[in-house]
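As a starting point, one isolated chain is supplied in structure tokens, in the form predicted on its own.
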């Protein structure tokens, strides 16, 4: 049990210091000198993970605006895993694509700082600051290949739309503050319940603006149009990082604000999120079927998975809340593994992210073909993978609370999505490779990261009970 004023922010401090050390290492590195900058990033992330484990059950608070309850710590551990896997997969791609290593790893770490702060913040203004910290770093990572027009264009679109969404979020905070007199999430909940504000047009407007801001970061329909272009233009491993880390942080803040601060208004906002969740599942799946670029296909897949998570948020029960945390962990391992393979198979000249580029992969890289198959099956929700348990958990929560329509839409969307996942599998095993160059060999470190991700996917698919219990314990600390 810890009681120091700074205890709750120790995981954030670890990652922040690692980012500063990476910048200093880059500044003092001689031209052409090799320095294990990625290793420095991993040390900082491991420190943050260790601090999160040691803070478990402490419920430490710092400055009245940042908490280290088990919910936040669970999200921290997911983000640490996302960060470490991203760094491991980057070991092969940073040098190959001639990315500025110091800037790349520093921005990666600072983005994780913002993500952690979003999960731990208990004040709307702190959430906004964390959102901007994360967003600015991710904008830079999206356009870090400054010599490529597509990357620069993607970053510019992402920045403009992101700034627009942030303004909605900030106006939402202003309206809620004007009505309740506070930006603290817990005090806001108390004020709304005490004054019976249901139906108040000002607070409804504030809630609507917050939904727009969060929905943009989660890439929920109809605020999803930025994601396919941003995902396609960014370096592939950055795309994997965005699709998992940004989504996990945004969902964590979404859950805390709506199921904690705005819970007295659930009858007003739940129907809106019902339609957003349903539309997100349907659009992400249907449009994804038509894609031939794997990065765009997985972008729409990410949209659909965001819909599944929002369905659990709409349910709002303890089972639904725990299902959100389990889904975030399972999805992070699975999606990062898939994007890691795409990144590894790319070259500086071409991304090798078209469906045809995977023709005959079983004959040239059988290990990668096997790994990709298992990751895709998990995304599709096949047993015995983490994706199957995650979807089952979400749909059972929806059915248990009487949201049969939402559960049916989710199941049908999941069934349709199997088509574009299996299409890649068929291409890898049953299609002859054309005259295109054979992809490069895989770096042992990157292969180790892929194997670790696969072990996690299979473990959570076969023995999910431990993580489910941790998710339920995490939820009980804040609700």
Partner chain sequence: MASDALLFYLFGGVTVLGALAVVTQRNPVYSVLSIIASFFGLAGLYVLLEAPFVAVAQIIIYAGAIMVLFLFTVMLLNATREDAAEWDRSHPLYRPFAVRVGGVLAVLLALQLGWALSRTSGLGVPIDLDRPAVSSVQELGRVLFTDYMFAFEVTSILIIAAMVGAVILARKRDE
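Numbering follows the first chain given and starts at 1. Just so it is clear, the model here is predicted, and its values are computed rather than measured.
Beyond the structure shown, there is the form predicted in complex with its partner chain, which is absent from this document and is the topic of what follows.
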| query | Can you check whether residue 14 is within 4.5 Å of its partner chain in the predicted complex, heavy atom basis? | reply | no
| said: Within 4.5 Å, heavy atoms only: does residue 107 come near its partner chain in the predicted complex? | reply: yes
| Does at least one non-hydrogen atom of residue 9 fall within 4.5 angstroms of its partner chain in the predicted complex? | yes
| query | Going by a heavy atom distance of 4.5 Å, is residue 274 a contact of its partner chain in the predicted complex? | reply | no
| 111-119, 327-335, 75-83, 239-247: which one contacts its partner chain in the predicted complex at 4.5 Å, heavy atom to heavy atom? | 111-119
| query | Which of these residues, 126, 345, 255, 304, gets a heavy atom within 4.5 Å of its partner chain in the predicted complex? | reply | 126
| request: Identify which of 355, 94, 140, 259 has a heavy atom within 4.5 Å of its partner chain in the predicted complex; exactly one of them does. | output: 140
| task | Just give me the residues of 91-108, first to last, that have a heavy atom within 4.5 Å of its partner chain in the predicted complex. | result | 98, 100, 103, 107
